[in-house]
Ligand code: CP
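Single chain ahead, by itself, as C-alpha cells, in the form predicted on its own.
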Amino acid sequence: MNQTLETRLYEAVSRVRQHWRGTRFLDGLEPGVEGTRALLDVARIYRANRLEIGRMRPLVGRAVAGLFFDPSLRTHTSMEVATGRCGAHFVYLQGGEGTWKMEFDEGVVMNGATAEHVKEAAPVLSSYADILAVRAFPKADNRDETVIRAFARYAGAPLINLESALAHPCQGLADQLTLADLGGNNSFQGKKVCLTWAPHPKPLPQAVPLSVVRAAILGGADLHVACPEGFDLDAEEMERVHGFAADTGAKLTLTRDQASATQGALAVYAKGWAATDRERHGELAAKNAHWTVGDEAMKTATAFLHCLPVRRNVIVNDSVLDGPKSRVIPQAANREPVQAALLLSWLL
C-alpha cells in the first residue's frame, strides 16, 4: 500500500468533512462551495491513482445498494465500477421488475399491484447497505420527486440521488470536474459557459439542465442560459442558486439568443428539456428545430458538452459531436471519480 497516496487520500477526505457532514446528496448543492471543491480534490486523486486505489481497497467490507426505477448506462456502470474499485460491494436492484412493485403514497390501501411500501423498503435496505443510491425520474409530472423524497425521509443510510425530476447531482459534479479541466488550474471561475436548449422529440425532465446551472454557479462561471420562448427553466429552482452566486462571483444571463450565448464560450453544453406547456412540446420543439447545435454555434467556443445519451443530428450535428471540440467522452468518464469521491468521503 502506498502510504503517501493513502495519506493524501485521507487528508483530502478530511477536508470534505470539515465543510460537509451531510448524509444526503440530492441536488448537488448540499456540500456548499467549499465542500464541493474538496470533493473535486478527492475525485482528482482517485482519477490519477484509481488502479492503485483499487489495489488498496480502502472501502473493503462496505456495501452500496443501487435501486434503479429507470434505465441507465453511464450512471449504473460508473457507480458500480467506482464502488468495486474502492473495494466495496455493489448491489444492483431494478425497481418494479427485479424487486417488488413499490408504493410511496401515505395512507394507501395496498390492495392493488404494489406489494412493498417505501416505509419498510428504505430502512430495510439501510440495514444492509452503508449507502443507498436511487434513480427515479418521472414520466409525466416535471416536478414529481416522490420517490427520492420518500427515500430521503425513510432511509437510515446516506442517500445519493442518481437522477430525479429536478436533479442529477452526480452528473453536475462530473460537469464541474470537466469544466475545471477545460478552464485550467482546476478552475473555471469567471469563464463563460453556455447552457443551450436543443430540440428533442420527448418532453424531458429538467434534472440535467438544472444540475448544469447549479454546477456552473458553484464553480463561479459566467453562465449564459439560452432557450426559446416557452422553454424557461423552473423559476423556483433557478432562484435557489442565487445565494451561491454571491459566494462564488458567478454571473447568470438568460437569453433567447443562442448565437450570443455560445460566442466565445469555454463550453457549449446542449440539452433538451420539456416545454412549459408539455402538451404542446412536440409542436414547439419542431418550431425551434434550428436550435440544433452545429458548426456555426461552435465556431468560437472551446468545447462541446452533453450528458449523453444524445440524439445525433437532433440535439447536435455529427460534425460537432465527432469533431475536435467534442469532450463528451472525457465528460462521461468523469462520472466514476466524482462518485468514488462521494463514497470515500462518506465511508473512508
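Keep in mind it's a predicted model, so treat the numbers as computed, not measured. The numbering used is simple: start at 1 and walk along the sequence shown.
One more form of this protein exists, namely the form predicted together with the named molecule; it is left out here, but the text below deals with it.
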Quick one: of 48, 308, 286, 60, which gets a non-hydrogen atom within 4.5 angstroms of the named molecule in the predicted complex? 308
Which one of 85, 191, 214, 135 is close to the named molecule in the predicted complex, taking close to mean a heavy atom within 4.5 Å? 135
Within 4.5 Å of the named molecule in the predicted complex by heavy atoms, the stretch out of 194 to 202, 100 to 108, 116 to 124, 71 to 79 is 71 to 79
Contact label in the predicted complex: residue 171 to the named molecule, heavy atom within 4.5 Å: yes
Checked 332 to 348 against the named molecule in the predicted complex; residues with a heavy atom within 4.5 Å, sequence order, are 335
